[in-house]
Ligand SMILES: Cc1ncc(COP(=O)(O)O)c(C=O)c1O
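In structure tokens, the next block holds one chain alone, the form predicted alone.
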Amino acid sequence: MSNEKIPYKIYLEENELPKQWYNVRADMKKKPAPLLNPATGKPCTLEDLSHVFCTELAKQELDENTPYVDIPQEIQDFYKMFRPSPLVRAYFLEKKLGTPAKIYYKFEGNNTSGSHKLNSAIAQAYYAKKQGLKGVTTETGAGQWGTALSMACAYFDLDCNVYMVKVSYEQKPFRREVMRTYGANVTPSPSTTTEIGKKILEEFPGTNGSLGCAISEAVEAATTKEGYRYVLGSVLAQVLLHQSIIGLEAKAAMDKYNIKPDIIIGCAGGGSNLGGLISPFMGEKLRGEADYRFIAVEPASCPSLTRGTYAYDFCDTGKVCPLQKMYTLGSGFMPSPNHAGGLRYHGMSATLSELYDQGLMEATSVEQTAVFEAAEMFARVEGILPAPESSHAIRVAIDEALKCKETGEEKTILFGLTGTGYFDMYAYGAYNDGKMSDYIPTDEEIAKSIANLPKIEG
């Protein structure tokens, strides 16, 4: 098939769909540091995590040696409603840029949730139902995760309580209504409905909130209500495991046409879509079978990889979650209210942090006006209005393609288009009206937050 013209969209057949998730940690010689119990300072046990997460998900979180995990048939059946997602050759973008580079994107927005988040939401809801729980609690930034989880919970008839970052709650009212339509209860965070929320409001009056705040509230709500557990849309190893379906499909589609990407790019907030996209390719790199260049793209307003510190930190602002060794800006860091709500998290996945620390992947940060410039170009030539989060990857994919134009190199670029931006018109309006600004935290602001990291060796 290598001599055939590459189709505009490449779809896998039903019998080609992955039947297992891939756990990249199994191929890492140096594993990510373990989660620590905040009360004891010792590595979390299955019992520790089972108080917060569903037991099966806690097992997945702790399993760093099993390379492939069977996808339960009921989850496979649900996936068929929106998977496979297309691998798209961006012919029109290539023509617009006049680049010799070949650009592909894996489009995850072709479902009602509008993003890749449904890949893990349905898995986490499945395990909650299997355990006999009444419901789950969670946080959401831009709203894609909350939307996906509300859909998954409706499918399994589970109660769904979502704590939505306040600035996104106000900026994206229609995303909120989609969640409510699917039966979720949505609360702006920080709120006065939890003790941690009240404490955060006292410490940071008038705050726009953050994912760290919303996580704290969701964990408190889950651990104080019988029959409930907390589920998380990013950061955790279990989430990267479920999201590996993205990379597995992308790699299978590329292999079908003997395509090998040189550069793989993803936006990075907590790390779920980036980790999911790169996992099978990273596995090949770790095993010495192939080499790729991986680029994580984060907002300049919340640059955990590029300006953070690699250390143990709390995963949440309220300091009730386990401690994770990660690149972090400090759990008390309050990002500016930029429009990429799904990337407004103070830390990064432990798995991706370790890979980055080992020099196996790169990271860069971009300002939101440049991001929306790229989003607008992409929308005009490729016909999809991208989410602000996804547009970070688009920005760097364009930049890399323009470098190829300068050098004449015919590199193949793959990036993750994580979702659509049809609920982000407030942000597009601000850009189109020339009212969007770029806020970059100062070294002093970051240093002040970093100074409050917990004092833990390792």
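Start at 1 with the first residue shown and count on from there. Remember, it's a predicted structure, so these values are computed and weren't measured experimentally.
Quick note: we don't show the form predicted together with the named molecule, though the next part is all about it.
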All three of 144, 273 and 390 touching the named molecule in the predicted complex at 4.5 Å, heavy atom to heavy atom? yes
If contact means any heavy atom within 4.5 Å, which of 162-170, 355-363, 218-226, 261-269 contacts the named molecule in the predicted complex? 261-269
Give a yes or no for residue 184: in the predicted complex, does one of its heavy atoms lie within 4.5 Å of a heavy atom belonging to the named molecule? no
Looking at the partner-bound form in the predicted complex, is residue 118 within 4.5 Å of the named molecule by any heavy atom? no
Could you confirm whether residue 331 comes within 4.5 Å of the named molecule in the predicted complex, counting heavy atoms only? no
4.5 Å heavy atom contact, residue 343 and the named molecule in the predicted complex: yes
Only one of 85, 244, 324, 234 comes within 4.5 Å of the named molecule in the predicted complex by heavy atoms, so just point that one out. 234
Which residues in 409-432 have a heavy atom within 4.5 Å of the named molecule in the predicted complex? 418, 419
